[in-house]
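One chain comes next, on its own, written out as structure tokens in the form predicted alone.
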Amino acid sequence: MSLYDNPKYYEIAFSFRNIPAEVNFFEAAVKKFSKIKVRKVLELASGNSPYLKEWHRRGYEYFGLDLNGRMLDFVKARAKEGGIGVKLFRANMNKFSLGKLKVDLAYVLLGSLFAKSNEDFFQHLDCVGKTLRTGGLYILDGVVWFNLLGDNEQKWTISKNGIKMKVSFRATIIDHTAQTFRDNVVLEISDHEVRKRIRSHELRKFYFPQEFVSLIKCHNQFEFLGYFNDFDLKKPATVKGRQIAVLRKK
């Protein structure tokens, strides 16, 4: 069973996040760095759209882009139940166009940048650049690796609505020269009386901190504004925690 084809379990597995606090960070970053007013936000690789309700509560217009149809259907049903207007797009995050739509803020969460090469990454930045207004921010969570040479295995347990699960993540390097890895995620699930095992193993490229900065300069559509830790503008990024990169569209 594929992790991304099971939005209910995916949502529970990553429900450890403090959504209001993380959106506070986005608003603080906008206040400090953005050159434009933000009313429209775009989540890339949006999955189960965890921030949707919070953005809606604060008066923003939310847009999500994802390649998985089951995830998008899950979000549409959730939004309909809550009476929330939402616009979703099914597309490859490295090859998309939203036509005349322009957003004021774009972001990607939990390292969900599915680029396998620098060429893919540049195509991705091209697409984001065409959709994001000049002066708007692009914020990337967990895309740049600060502890690549160390043990990157992560494990946690979580439960919700009577469903318990053990989650593990390990990045396995596939090609040192191409800097590619597989993100092996495994969910061991106890859904009341039913036991299930779900996994994913997507191939992606990893980025070193200075390499990432150099690529942004080379691409030349964005300014690199800084690395931050755990959704706090007062904390420079370290090897522990969640590292956030903040860019601004030129």
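Just so it is clear, the structure is predicted and the values come from calculations on it, not from any experiment. A residue's number is simply how far along the shown sequence it sits, counting from 1.
Another form, the form predicted in complex with a small molecule, is not on view; read the next lines as being about it.
Peer 1: Looking at Ile158, Ala171, Leu110, Leu98, which has any heavy atom no more than 4.5 Å from the small molecule in the predicted bound form?
Peer 2: Contact residue from the list: Leu110.
Peer 1: Which of Leu187, Val30, Ala45, Val41 has a heavy atom within 4.5 Å of the small molecule in the predicted bound form?
Peer 2: Here the answer is residue option Ala45.
Peer 1: When the small molecule is placed as it is in the predicted bound form, are Val23, Lys35 and Phe63 each within 4.5 Å of it, taking any non-hydrogen atom of the residue?
Peer 2: Result no, not one residue of the spot touches the small molecule.
Peer 1: Considering non-hydrogen atoms and a 4.5 Å limit, does the small molecule approach Ile84 in the predicted bound form?
Peer 2: No, Ile84 sits far enough from the small molecule in the predicted bound form that none of its heavy atoms falls within 4.5 Å.
Peer 1: Is Gln221 one of the residues lying within 4.5 Å of the small molecule in the predicted bound form, judged by heavy atom distances?
Peer 2: It does not: once the small molecule is placed as it appears in the predicted bound form, Gln221 has no heavy atom within 4.5 Å of it.
Peer 1: Please run the contact check for Asn152 against the small molecule in the predicted bound form: heavy atoms, 4.5 angstroms, yes or no?
Peer 2: Outside the cut-off, so no.
Peer 1: Can you tell me whether Phe122 touches the small molecule? I mean in the predicted bound form, with a 4.5 angstroms heavy atom cut-off.
Peer 2: Judged by the heavy-atom cut-off of 4.5 Å, Phe122 is well away from the small molecule in the predicted bound form.
Peer 1: Using a 4.5 Å heavy atom cut-off, indicate which stretch of 158 to 166, 132 to 140, 67 to 75, 172 to 180 touches the small molecule in the predicted bound form.
Peer 2: One stretch meets the cut-off, namely 67 to 75.
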